[in-house]
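Next come structure tokens for two forms of one protein chain, structure 1 first, structure 2 second.
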Structure 1
């Protein structure tokens, strides 16, 4: 393999940053008022003072709940290497109580180099977990239980949550339960006996502000001066990034992106798409890269379906749209064919096909879910007599036809009038 060019090296560096949650969320957690600082203070206090705690991290998916918690846990493992043990469960995998207790027992056995028995019963695992909590408490070792998809554990009898929180009422235990959920009402799902033992600490993860995202953009894409890149390349690359952030067209792209989704996860996907489209010859990011990234994230299946239609299928769609304009809200294949024939007789178009060919094209549109049956009644009727309706709007049809490679000009004219 040949030597890596500066462009390839910068591409790999930025991709690595985007895939590293600690690098992404570290600048967003720098404030003393951030969730990272508050969470770290509470958990570290629980470790140093030997007390029990429980809390919930709430916010939309992609807002960084798990990433910030991983940052906190990583820092605490470095700070207290012999005083912290982490048990991770996911509600999508371990919502069943038997499965959850077995998984906790397995992870505890791995952590403390004990022999794990797959044949152990639910009661055996429950007693083992309580005994381990007591033993770790006496050894001044805190067990951090991370329950991802917390709302899934709050279904059913909630035996896992009750057992953990009830065991934490003992002065000999030393544990922290951290639930992660995208449901803001997750704590309201708890039973009364579980809620009475819960600490009711909640951390709300809101999408970052526009200023924070602008700072994150520069943080992720700026190249360091002392990283082995040619100095001229680094200055050109960083200047290009600064120029982009001040470009009004780029700000409009970001505004369009944030109108749809303001989470960090969506922002990272957007940057990753743009970086992947970077021209390796110039080695610089351009405005076109970000435009293409935005369009790839805003895929519209209906427009793509129209762009993939044959010319005959476009004629049928235009006929249905013209029938709707004439306030004919319901129509079947026969009425569409009458409109199709009227267009041919008026404009003498060359694109005229037999009725059986049109019927196959009509059925193909229904298979692709561009049109559908207007009602469930009349199932005994054959397809050409059943009422149909369009599943795309006039603007979507117009936009799809304008981007179609072979759309006849007459169809756009018919659609506009």
Structure 2
């Protein structure tokens, strides 16, 4: 139970920062033409002038849309303490209209300390919501509706969207509807009547530039000079970080990472993996941590699956590949067994096993998703007669077999031949 070592304390601090989106996105939103400032300007003017508004935040997953919106909402709640209330909905959870209305009513009740009845029907809920909107409008209180996964709300009949946007137009209300979506064409999904009531304001969240990401890296990993760390440790740690950022090998690692995915979230995951590998005795980060983190993030699951196969399973995969090469595009277990027998007859391999053993090995391959049934409708046949297909390409199979621990040489020869 003792005290934490400085290494553990710094680890806790950094990991806490990485798991907190508002800490991460605040420096990225500092400039004046960032999405944060624009969004804040629009929403605050809607609040002060008492008008309705609707907007969409679009961008790839992990670019911080919800985080920036949370920052804006947090600031506005501080700025206008009594005139703002927030209702949050998520498309994954509340895409059903009944669910959505119940959730809105529940959140409204919680905000205004009213009793919420779970038995209220859909009509009761919708009347309650409209009444609340009118009451809040008269009291000059703005309700901000945050609709996460906006494209999920746009499936089906879009009743919720229509009623919200319609209520904003007809009732004396002050509401701001903010939709967040990772589909860049989310506004094209809206129906005609919904789209006409929607003001087409869109904020595009693009991935940050390289300099911004470098700045973010230093910001996240620098330890503060105060707050109970031994001072020599803090300066050593921060110096190590500065050395790393100027190291060319580290820059190469970052370049490989950003070639795949430039969103902020994947960068955060990368730093998280590296930081968890930190050596707890020295308490300092090193280049090896980052290299290991990169390799753990960029995995090749199909290669791993091939490397996990036993020798018999590799034989079956090679037989299937040979059947494909012979332009037999559809094959089942029986034809694979024929090929297997043909290979055994011509090369006299030592690995010739009975049919039930091979069938079981085939099942193992299917469980690992290296092969699968070619079509779903063949339910009327036993597993041996259903058509199969390979889910890995020839080059993956090749690479997997070359890095396999005990692959027999004859298999590689058969694959190339």
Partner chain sequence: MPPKEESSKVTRRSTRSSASVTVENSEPTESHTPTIDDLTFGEESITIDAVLSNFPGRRSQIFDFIRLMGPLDCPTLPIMIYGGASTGKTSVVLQVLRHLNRPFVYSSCRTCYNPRILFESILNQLLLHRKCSLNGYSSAKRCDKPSDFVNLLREALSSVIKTLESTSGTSRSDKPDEKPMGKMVYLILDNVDLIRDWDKGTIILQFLFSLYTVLKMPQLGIILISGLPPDVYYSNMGYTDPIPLYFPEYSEEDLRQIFLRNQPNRKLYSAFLDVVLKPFCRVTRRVEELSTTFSLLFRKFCEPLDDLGISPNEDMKRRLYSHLKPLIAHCLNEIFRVSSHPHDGETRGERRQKASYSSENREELEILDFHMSTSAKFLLLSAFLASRNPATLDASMFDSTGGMDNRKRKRKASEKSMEKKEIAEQEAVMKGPGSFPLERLLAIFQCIASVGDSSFGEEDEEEENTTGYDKENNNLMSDILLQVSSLCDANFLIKSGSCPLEGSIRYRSMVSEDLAQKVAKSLSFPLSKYLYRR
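So that the term is clear: the rigid core is the largest set of C-alpha atoms that superpose within 1.5 Å between two forms. Positions refer to the first chain, counted from 1. What you are looking at is a predicted structure, and each value in this text was computed from that prediction instead of being measured.
Comparing the two isolated chains, structure 1 is the one taken from the form predicted alone; structure 2 is not.
Annotation for residue 213: C-alpha shift under 2 angstroms between structure 1 and structure 2, rigid core superposed. Put the two forms on the same core and the Cα of residue 15 is off by less than 2 Å between structure 1 and structure 2.
In a rigid-core overlay of the protein, residue 36 has its C-alpha displaced by under 2 Å between structure 1 and structure 2. Core fit done between structure 1 and structure 2; CA of residue 305 shifted by 2.8 Å. In this core superposition, residue 322 moves its Cα by 9.8 Å between structure 1 and structure 2.
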